[in-house]
Structure formats: structure tokens, C-alpha cells
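In C-alpha cells, one chain follows: the form predicted on its own.
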């Protein structure tokens, strides 16, 4: 089923898919992102990141990884644990504050193995065929279907022939009997908790409209397939998260 196309926002309403809006949103969230996402998801985000990395096949020493929309680097411990022979991780994120929290505060001891670049994943000029492995966690929902198609072209461009990818995103579990409770939690309970405990902030509440518009990874799977990649679609916990994995034919 084609992904629904978000309706254009009125002039007085910010475009939540504009890269500048997304960068500002995550700049404001950066200081609380790590602990808030873990607590508000009841630990599922950590599980889903581990499951995302587990979708990648074993690889020999010297492999290179690109982490798109890297955030504060929550995927890196899972990557380094599963692939102890990794040569390097190149991490991109559009948010400067996410970059600072990732490198300067959370992963200083791993700095020699990780290069963090402040850049838009849609427009990065990293050299093609650079990565043996490519990953992304919880950034896809901030892209429209057209932007997802652009991202798919970047994934195909950045992967070496024979390289593998795994991308995961929080989703809207259509067809699940408990979806109304899930939506009530995302759309109403979380914004209230955020206002009470984060001094009236309203940034994490964007999870509601982003997941509702994104729905799941179906459109991303189609976009990756259209770029000549092999693609497998996965559901996690009744569809509360979905992922895609596959490889670039050699």
C-alpha cells in the first residue's frame, strides 16, 4: 500500500519535514534525548536498536559502517559489540547538539573509531561505495515519501557492492487490537508527561504526528527496492516499530 502523502502545511504552520525545522527540533531535544526516549518507550528503543543491528550479517575485520541520522550514538555500542573488528563508524546527523552530546559527552573513549559529521543525510557528499554496512535508527519518520526516495538513492550510492543495510523506525501499528491505547499514549499521555517533567517542552510530542504520517517502513522498502537493492520488511512488537534490511547486489 503506498504511503500516504502528508498534506501541505498552511503558511502559518511550520513545515515539520523541512531540514531546518528537524535540525532545530533535535537541537532542543539533545540534552534529554537519551534518557527520555528510553523511559518513554519502556526500554523498547534499546531493544529495537539491538534488533536492527542483529539484522546485519557477520562480517570480517576491517569493515566500515555508515550510521545515518546517528543521534547521540545509541547504535554504536551494539555495532561494536556485534562487530568487534570494525575499522570505523562514520556517523551523520543534521543536529549540531546531537553531535556534541554524542562525541563530547557520551562516546569520548570511542572517538578514535568514530567520525561524526554534522550533515543532512539527504544531501551528504560522502564518497560513493564507502560502506560495508549502513544503519539508521529512528530518523526515517522525519522524511516525506519523496525524501525517503532520496534517502534510498543515498543508501544505494553509499553502499559497496555486496554491502548490507538495516533501518528501523517507530511506526503506527495498524491492525493491532491495542492500537487505540498506543495512539492515546503517544498523542496524549506523552505530551502531558513532557510538559510536567521537561519544563513545558513540546518537542518530543512531535512523535505523534511523525509516526501517524509515516505509518511504517513500507514506502521506504519500496524506495530501496526501486534503487536495485534487495529488501526484507520486518515488524517489531505488533508493528510498533518496523524495519527494512537487505543488501546491494555485488
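Residue numbers count along the first chain shown, from 1. In this text the structure is predicted, and so the values were computed from the model without any measurement.
The protein also exists as the form predicted together with a small molecule; that form is not presented, and the subsequent description refers to it.
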Would the small molecule be touched by all three of 166, 222 and 243 in the predicted bound form, meaning a heavy atom each within 4.5 Å? no
Among 137, 102, 152, 134, which has at least one heavy atom within 4.5 Å of the small molecule in the predicted bound form? 137
Here the chain appears without its partner; judged in the predicted bound form, the stretch of 125-133, 156-164, 70-78, 174-182 with heavy atoms within 4.5 Å of the small molecule is 70-78
Indicate whether the small molecule has at least one heavy atom within 4.5 Å of a heavy atom of residue 87 in the predicted bound form. no
Test of understanding: in the predicted bound form, would residue 142 fall inside 4.5 Å of the small molecule by heavy atoms? yes
Non-hydrogen atom contact residue 214 with the small molecule in the predicted bound form at 4.5 angstroms: no
Just to confirm, residue 49 within 4.5 Å of the small molecule in the predicted bound form by heavy atoms? yes
